[in-house]
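Quick setup: one chain, the form predicted on its own, written in structure tokens, and binding and motion questions come after.
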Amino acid sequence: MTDIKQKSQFKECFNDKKLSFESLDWVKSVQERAWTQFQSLGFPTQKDEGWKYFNIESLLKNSYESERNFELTSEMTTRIQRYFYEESAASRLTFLNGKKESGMTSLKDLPAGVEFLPLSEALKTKESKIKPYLGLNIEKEENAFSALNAAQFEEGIFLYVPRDTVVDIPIHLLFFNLSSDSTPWIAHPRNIIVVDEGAKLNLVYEQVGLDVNSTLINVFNQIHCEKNSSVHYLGIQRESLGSYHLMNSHVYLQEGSSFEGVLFAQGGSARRDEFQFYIEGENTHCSLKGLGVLAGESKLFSHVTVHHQKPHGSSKQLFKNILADKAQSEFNSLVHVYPQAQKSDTHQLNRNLLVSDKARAYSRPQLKIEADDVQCAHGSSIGQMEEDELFYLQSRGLNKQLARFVMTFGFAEEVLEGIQIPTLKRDLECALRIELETILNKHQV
């Protein structure tokens, strides 16, 4: 619990503004409950274990505005279009500074019954479908920024896949941040995704910053995997150097469901990803892989909690980071196996490759096991390239610089190899090669 001075400081910084949906009584009620929860939490400090390495004072120094003006030039349009992929040419929803951009959105190929629309529209037209999920467990929320998101969100998406519906094509959700001035900007996107019984979804969530101005993006994702459903999720963050990105995702898994996630982070001042998995049915599976490629003074904080609440569930985590200059990463993961969750199988692995002496990585995989018939393993490594492996590649005819690139790219590729969208996979591998070449050329040994 923070003191009153800290609370008022935070409140002043982020504006106790008018709620976004005053005209919708049921939404207004949710936002009021969320604001109450936010005020009771206050904002975190470095004394809080989950924020030990994230100093949020850098966020508080700006006076943020929720509206951001810009002029969409032809040059900017061309830059935006390079993030479009042929596989999702007719299943793409694009937002510019938090507002839907109809000219860059195409939803022609969605199967019958699939709902994919801005959250502001869904609240008005899909109340019966969205009402059970909006504000779910808000009084139990422990992340102050997530409570703030629920209180002040203005936009996001609602995605509903009906029972037994298979979405073969990838659905692409794009959020672009851009401006023509230096005004600090804040946004609270809220995304609600419901995959009904027996349905399958392939979703790409991409956040891109196209300027260097101060930005705070505070995202909340709520993903419901109903009985025997399947979700493939790819989260991509390519931000400008002045950006801060906070994302909290709650994933609920029912009997026989599965969630496969891959995260890719590049650039930005600081990013904090928090995933909460709730295994609420038997025979479920969740997997989360993450790759961070950071240089300069960029920071990446990855926090994962898996609640194994039912038997015969499995979970896997693989997080890798490549850190250069003064970059910093944190991996903080807890797997909680409850007493009734017998036959659970869980694995955690975090590996960090330091390209410079000033880079830092912090790793803390944790297990809390209250059942006696389980398979649980965790591991972590932090270090630089192995000289023996470099020597082996050089003995096969590679020069030292090329050998370092091969080793570093191979280290990262394990995370990206599971991506099932060819055009997007090639694009990320190309971006990875360019970034690694830049890093390794700067840090030649």
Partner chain sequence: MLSIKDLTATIADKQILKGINLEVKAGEVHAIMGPNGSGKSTLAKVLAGAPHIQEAKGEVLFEGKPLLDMAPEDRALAGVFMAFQYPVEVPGVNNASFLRMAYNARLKAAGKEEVDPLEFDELLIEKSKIVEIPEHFLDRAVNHGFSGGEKKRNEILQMAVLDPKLALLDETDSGLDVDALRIVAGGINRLRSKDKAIILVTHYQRILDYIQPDFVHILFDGRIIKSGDKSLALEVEEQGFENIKAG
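Residue numbers count along the first chain shown, from 1. Quick caveat, the model's predicted, so the values are computed rather than measured.
Although not depicted, the form predicted together with its partner chain is the subject of the following passage.
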Only one of 31 to 39, 375 to 383, 56 to 64, 408 to 416 sits within 4.5 Å of its partner chain in the model of the complex by heavy atom distance, namely 408 to 416
Give a yes or no for Lys47: in the model of the complex, does one of its heavy atoms lie within 4.5 Å of a heavy atom belonging to its partner chain? no
Please check if Trp26 has a heavy atom lying within 4.5 Å of any heavy atom of its partner chain in the model of the complex. no
Indicate whether its partner chain has at least one heavy atom within 4.5 Å of a heavy atom of Asn399 in the model of the complex. yes
Taking 4.5 angstroms as the cut-off for heavy atoms, does Asn69 touch its partner chain in the model of the complex? no
